[in-house]
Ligand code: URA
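One chain comes next, on its own, written out as structure tokens in the form predicted on its own.
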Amino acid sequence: MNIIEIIEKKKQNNALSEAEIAFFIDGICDGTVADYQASALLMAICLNGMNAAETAVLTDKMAHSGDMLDLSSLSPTADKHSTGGVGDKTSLIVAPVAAACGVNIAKMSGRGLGHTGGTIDKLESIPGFNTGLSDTAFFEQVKHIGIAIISQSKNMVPADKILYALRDVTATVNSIPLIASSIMSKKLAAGADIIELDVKTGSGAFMKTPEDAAALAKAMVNIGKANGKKTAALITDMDTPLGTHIGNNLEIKEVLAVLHGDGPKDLKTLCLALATNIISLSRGCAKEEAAHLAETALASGAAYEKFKQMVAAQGGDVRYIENPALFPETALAVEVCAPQPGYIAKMDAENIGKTAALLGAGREKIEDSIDMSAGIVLHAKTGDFVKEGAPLATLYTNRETVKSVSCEQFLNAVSFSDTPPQKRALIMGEVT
């Protein structure tokens, strides 16, 4: 067996065997398969696809390329993953709601890149919050308080790091088997028994159409099932930013509002739906019972207390949780107003996310620094009627030089009409 034969086989649109996939993953990790050979196979996969069995094997071999966490003594444990979007702070609400209902939440998250925000960045906007717990400390925290959210271990899924870097520079990112295996290999390595997925679709999502999002959701659920995990997915709207706050400590403020029973309806609705699935899968109960438990955890303040408990356990300053006004503000707060009257027909979530990044809230390269206070607060959203001159959003930044261009960029992301736009469903489907 050699890599050239494997590339040729996939080029001819034939399914790869488990041994051939293992040979490929072992080779990229030990250097016996060159980058240009790996890139050739990635292109063949991108063009010809993989069947469900191949994708499951690829994911399993990637997951086992590095450290694997054993959480079996804490069983059942649950993890939740979103495919990314703008204003998507659901993990920070879903996790404490589920934990308050007795589910052990053991979650590893990533940082933001491009127009999407990252859960780890948001948590690190809380002074002192430590996302770099050791595996032992992570395990012990889940054992004692039922919840921990940390950054991914450096020794976890090294194959994915290699393949992701190659996909980024060879135009092979947009492949459902490769996307699904990248996401699910990290979920499998993290060790949770239950995986809840939030697959976004729309202008601010990687999957632009509901059909592509559904295909990705099905691929990931099949991978979870093939690897013995209880897995479910919601397909949700990301054509418009989720909630009203975009940016790291701004989103923490919105999380706290929801945990106190307030906050935007779309954010609260989605978080309760995701938490309901996790609770139902974990406890083996009907969704109606799980929904009641989730709503009670939120309304009673139990979820807020669980979030505060996690912050304290990971070194965060709980004074900021108890009094969000302590979070620092930016030097500039620029109001963007409607240039005309009418209904907001569309808010391009991707370009609004890029505007937030321009203000300092995001990064283009993973090593870039971010401004934890920068971001956007929306005052109107798609479907709302606004008068000419009415505030659409406030942009927060410490960068004087981007003030005018960011206002222009935001306005270019918003379109108006004389009639109300057709309403998009927040939750478009479910895969179980």
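One-based numbering along the sequence shown. Just so it is clear, the model here is predicted, and its values are computed rather than measured.
Keep in mind that the form predicted together with uracil (URA) is missing from the display, and what follows is about it.
*Asks:* Is I321 a contact residue for uracil (URA) in the predicted bound form, using a 4.5 Å heavy atom cut-off?
*Replies:* I321: no contact with uracil (URA) in the predicted bound form.
*Asks:* Should C337 be counted as a contact of uracil (URA) in the predicted bound form, where contact means heavy atoms within 4.5 Å?
*Replies:* Outside the cut-off, so no.
*Asks:* Contact between R167 and uracil (URA) in the predicted bound form at 4.5 Å, heavy atoms?
*Replies:* Answer yes; at least one heavy atom of R167 falls within 4.5 Å of uracil (URA) in the predicted bound form.
*Asks:* Would you check, heavy atoms only and a 4.5 Å threshold, whether K186 touches uracil (URA) in the predicted bound form?
*Replies:* Yes.
*Asks:* Counting any non-hydrogen atom inside 4.5 Å, which residue from S109, T276, T330, S182 sits next to uracil (URA) in the predicted bound form?
*Replies:* When uracil (URA) is considered in the predicted bound form, the option within 4.5 Å is S182.
*Asks:* Among the candidate residues I150, L123, L298, L178, which is the single one with a non-hydrogen atom no more than 4.5 Å from uracil (URA) in the predicted bound form?
*Replies:* Flagged contact: L178.
*Asks:* Any idea which of 301-309, 159-167, 91-99, 227-235 reaches within 4.5 Å of uracil (URA) in the predicted bound form, heavy atoms considered?
*Replies:* Heavy-atom contact with the partner occurs in 159-167.
*Asks:* Can you name the residues of 210-229 that have a non-hydrogen atom within 4.5 angstroms of uracil (URA) in the predicted bound form?
*Replies:* Not one residue comes within 4.5 Å of the partner.
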